[in-house]
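In structure tokens, one chain follows: the form predicted alone.
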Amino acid sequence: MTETPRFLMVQTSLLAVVLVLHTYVGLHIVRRSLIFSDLVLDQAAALGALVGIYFGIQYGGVGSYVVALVAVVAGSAMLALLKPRNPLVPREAVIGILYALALVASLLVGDKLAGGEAYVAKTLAGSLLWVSWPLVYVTTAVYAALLMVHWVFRRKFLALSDGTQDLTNEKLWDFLFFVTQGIITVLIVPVAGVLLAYAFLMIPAATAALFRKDWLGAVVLGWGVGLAACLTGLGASYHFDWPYGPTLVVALGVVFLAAVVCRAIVPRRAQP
């Protein structure tokens, strides 16, 4: 197999795997109006990786993933525990503050690294061009395990989003939800970067939420629309020699805007 078909096949496989769980988790985030929580965890993972570099841990290696995981677990705990009781301070404000702190901390650590600007840029833009089949296999296995966890405890996680039942130990389940979100963040941020990882999570889910209320239908629609947008971006990036990650973000964004226009002009019916 020549280099181009091999490149396109491995990229398509990773995108197809990633978008399943990201769309599902993104629907939870959209329905709970925790829009920037993923940015907190994405930036926490990037901060963990930068701290690892500061202590001599190679970026993208096993040690780097471990340090990033520790950072997102800490971030998950803060997201679950820091819930203002004062109605004048929305939870999203706290989430925004946490994101700002994680970003500033990343910049401060990057400033102390030799070539720090390049490392900070890499955490934002990722290195999708270097995706390999072993990474696809590992991602598939981990994502499948996380999907199984969400299936086994689906009533608990859905109760967080739908409010269909009283949930005991709500903060614990909130923490576990954010941890699963953080694990996928740890896997995807080194290759996709913070911005594209956020786009994977939010844009397909938000697009699907415009048209579907049911979970399965929304996941299928979001996955299909997201994959079509990403493959279009992949083709445009390859053909026009545009930056890979930003092109995918633009492609996803264009599809979302088109969905918003379509939703505005098409007569509304009861959503399935």
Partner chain sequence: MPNMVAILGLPFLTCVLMTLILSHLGIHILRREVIFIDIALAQTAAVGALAGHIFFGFATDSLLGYLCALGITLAAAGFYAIARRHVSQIPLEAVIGVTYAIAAAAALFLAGLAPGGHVHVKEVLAGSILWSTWQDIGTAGLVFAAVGLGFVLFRKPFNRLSDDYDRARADQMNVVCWDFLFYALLGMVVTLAVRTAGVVVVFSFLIIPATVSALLTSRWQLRLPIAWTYGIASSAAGLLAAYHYDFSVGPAIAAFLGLTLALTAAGLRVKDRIRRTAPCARPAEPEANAPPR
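Since we're looking at a predicted model, the values are computed, not measured. Numbering follows the first chain given and starts at 1.
Another form exists, predicted in complex with its partner chain; not displayed. Remarks below refer to it.
Give a yes or no for Y65: in the model of the complex, does one of its heavy atoms lie within 4.5 Å of a heavy atom belonging to its partner chain?
Contact check for Y65: no, nothing within 4.5 Å of its partner chain in the model of the complex.
Quick one: does Y198 come within 4.5 Å of its partner chain in the model of the complex, counting heavy atoms only?
Within the cut-off, so yes.
So, in the model of the complex, is V20 in contact with its partner chain at a 4.5 angstroms heavy atom limit?
Looking in the model of the complex, residue contacts with its partner chain do not include V20, since no heavy atom lies within 4.5 Å.
Heavy atom to heavy atom, is S33 within 4.5 Å of its partner chain in the model of the complex?
Answer yes; at least one heavy atom of S33 falls within 4.5 Å of its partner chain in the model of the complex.
Exactly one residue in A49, C230, I203, A218 has a non-hydrogen atom within 4.5 Å of its partner chain in the model of the complex; which is it?
Looking at the other structure, the residue within range turns out to be I203.
Ok, V152, A114, A141, V89: which has a heavy atom sitting within 4.5 Å of its partner chain in the model of the complex?
Exactly one listed residue reaches within 4.5 Å, namely V89.
If we take heavy atoms and a 4.5 Å cut-off, which stretch out of 144-152, 70-78, 106-114, 183-191 is in contact with its partner chain in the model of the complex?
Careful reading of the contacts points to 106-114.
May I ask whether T12, G61 and V179 each come within 4.5 Å of its partner chain in the model of the complex, counting any non-hydrogen atom?
Spot residues vs its partner chain: no contact at all.
Who in 213-252 is close to its partner chain in the model of the complex, meaning a heavy atom within 4.5 Å?
In sequence order, W242, P243, P246, T247, V249, V250 come within 4.5 Å of the partner.
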